[in-house]
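Before any questions on binding or motion, here is one chain by itself as structure tokens, the form predicted alone.
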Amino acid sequence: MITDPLLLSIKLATVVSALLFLIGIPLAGWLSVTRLRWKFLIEAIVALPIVLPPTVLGYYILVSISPNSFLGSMYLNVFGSALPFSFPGLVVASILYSLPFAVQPFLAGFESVDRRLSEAAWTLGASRLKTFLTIVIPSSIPGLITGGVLSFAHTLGEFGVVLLVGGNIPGSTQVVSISIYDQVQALEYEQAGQTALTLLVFSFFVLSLVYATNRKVWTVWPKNS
């Protein structure tokens, strides 16, 4: 089994999960309290990667971070390198692709907190930020764990988006899912089977951990009433 793509995938998933905590917690916190009528539009945008084909999402990400785009040209001027077909480009694409797998569990956790606790803190003089940090977040730990683990696992196994945005550069953008594809194309079925089995076992462990931690985990499947 090739270890370099697996290590690169773990590195990518770790970086993306950490950044999704920084992005997803404020976003989910805002969505849990806002009463704006167009809130549903933001929720739809966040959830879009769930239903959008990875190739379509990857194409638009590739176009938006190309050197000819505003974001891509700005990155090129600051860092001297292009975002497409690079590890930072994979990070940007993976954040967008895994965003709903972090935000929606975070949001479910925040909305499960009894609002009366927050209202009691407000009457005692606590600011909304302090209430969120000291009451809402500690009460939403299962949802935060769920979002973090799901986004890590989802990033670890992604294929279409990372192939379009990062290409297949060994040691730079060749993640484990692309490595499996290459092994199958080269008729190296034994190596592909070993790598695939590793991801299968890991994915099963991740989902078991999620469901054991939080019985109210967000899923794409509707629950029977």
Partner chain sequence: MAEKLLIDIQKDFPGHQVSIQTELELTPSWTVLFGPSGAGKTTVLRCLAGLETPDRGQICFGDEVWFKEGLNTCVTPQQRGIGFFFQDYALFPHLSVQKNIGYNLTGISKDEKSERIARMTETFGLSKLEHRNVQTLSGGEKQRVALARTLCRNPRLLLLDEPLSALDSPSRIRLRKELRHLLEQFNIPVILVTHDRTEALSLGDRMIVMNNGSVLQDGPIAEVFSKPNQKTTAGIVGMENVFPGSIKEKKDGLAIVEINNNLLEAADFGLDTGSVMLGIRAEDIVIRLTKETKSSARNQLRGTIEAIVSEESLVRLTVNCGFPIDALITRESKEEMKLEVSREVTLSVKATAIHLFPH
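Numbering follows the first chain given and starts at 1. The structure presented is a predicted model; accordingly, all values stated were derived computationally and were not measured.
If you look for the form predicted together with the partner chain, you will not find it shown, but the lines that follow are about it.
Trainee: Among 70 to 78, 85 to 93, 117 to 125, 99 to 107, which stretch has residues with heavy atoms no more than 4.5 Å from the partner chain in the model of the complex?
Mentor: In the other structure, the partner sits against 117 to 125.
Trainee: My question is simply whether residue 112 lines the interface with the partner chain in the model of the complex - judged by any non-hydrogen atom within 4.5 Å.
Mentor: No, no contact at 4.5 Å.
Trainee: When the contact criterion is heavy atoms within 4.5 Å, does residue 135 count as touching the partner chain in the model of the complex?
Mentor: Yes - in the model of the complex, heavy atoms of residue 135 and the partner chain come within 4.5 Å of each other.
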